[in-house]
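In the block that follows, a single chain appears as structure tokens, in the form predicted on its own.
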Amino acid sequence: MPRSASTASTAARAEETRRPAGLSEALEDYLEIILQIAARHPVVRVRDIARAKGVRMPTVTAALKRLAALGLVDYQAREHLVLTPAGASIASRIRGRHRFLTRFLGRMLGVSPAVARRDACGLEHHLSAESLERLTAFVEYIETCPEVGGDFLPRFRDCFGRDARQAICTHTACPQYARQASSRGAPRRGSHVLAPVASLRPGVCGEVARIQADERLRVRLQRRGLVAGVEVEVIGAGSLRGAARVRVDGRDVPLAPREARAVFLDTRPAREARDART
């Protein structure tokens, strides 16, 4: 029986990103570095790679021997080296991923340049072809669809700013801005009003839908598992000075008053909330 189109597509994506046996993430980094140097210089030498990688030359030599054994570079001791067609193909794929992810994290999400470059280095080795394709399609949609509009990214940065002054949307057309300006209500998901943990009684369950805070507080909450889409249960009511408590993945997590006011839940039944989200 022939495979379905989706099954065949999934298999093709898996084949595209399958790492050859013996090729580690570190060796993939060497391939990318060799490709970068070759684009600037006619000859790639061990010392050039060592300088770019920030390691000693014997370390580079050992890595090159392993890459040569895998058929990814042509290298003889004390000689310059070149990528084989197979090595160049892998290096190009990794380099393209790195460029896209650096751009996505930095330009789209506003991550600082140094962090964007560092995180892209980690993501480029692990992101599947399927996830990367969906991510690139999402970026293309944002940048080209006339329904999105050219002010999408500025509005995102207003709404999810990096400091307390920008933590809430300042766009006058945004209903959240209007509600904030008039001191009425809370963020919404569709037509449903979201509720801050600080206002909920013990026993109420919900899905984290919005964390309305500056970057530092958002990161602190994320480290404790409070991210969008996570289901939590309120197990202890808070007060103006006392901590609230929620259960996340079987763990009791205390929330200071400011934190409990920042975490907004969609308290509809889980399935209904997921349907509204999708």
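In case it trips you up, residue 1 is the first one in the sequence shown, and so on. On a predicted model such as this, the values are computed, not experimentally measured, just so you know.
Just so it is clear, the following notes concern the form predicted together with the DNA, a form of the same protein that is not shown.
For the options R99, R78, R107, H126, the residue carrying a heavy atom within 4.5 angstroms of the DNA in the predicted complex is R78.
Here is the short version: of V219, A228, A39, A62, the single residue with a heavy atom within 4.5 Å of the DNA in the predicted complex is A62.
The candidate spot formed by S199, R224 and A237 lies out of contact with the DNA in the predicted complex, as no residue has a heavy atom within 4.5 Å of it. Using a 4.5 Å cutoff between non-hydrogen atoms, G54 counts as a contact of the DNA in the predicted complex. Contact between P58 and the DNA in the predicted complex is found at the 4.5 Å heavy atom cutoff. By the criterion of a heavy atom within 4.5 Å, R251 is excluded from the residues contacting the DNA in the predicted complex. Proximity of A209 to the DNA in the predicted complex falls outside the 4.5 Å heavy atom cutoff. In summary, the region of this chain contacting the DNA in the predicted complex, judged by heavy atoms within 4.5 Å and restricted to 45-53, 31-39, 243-251, 228-236, corresponds to 45-53.
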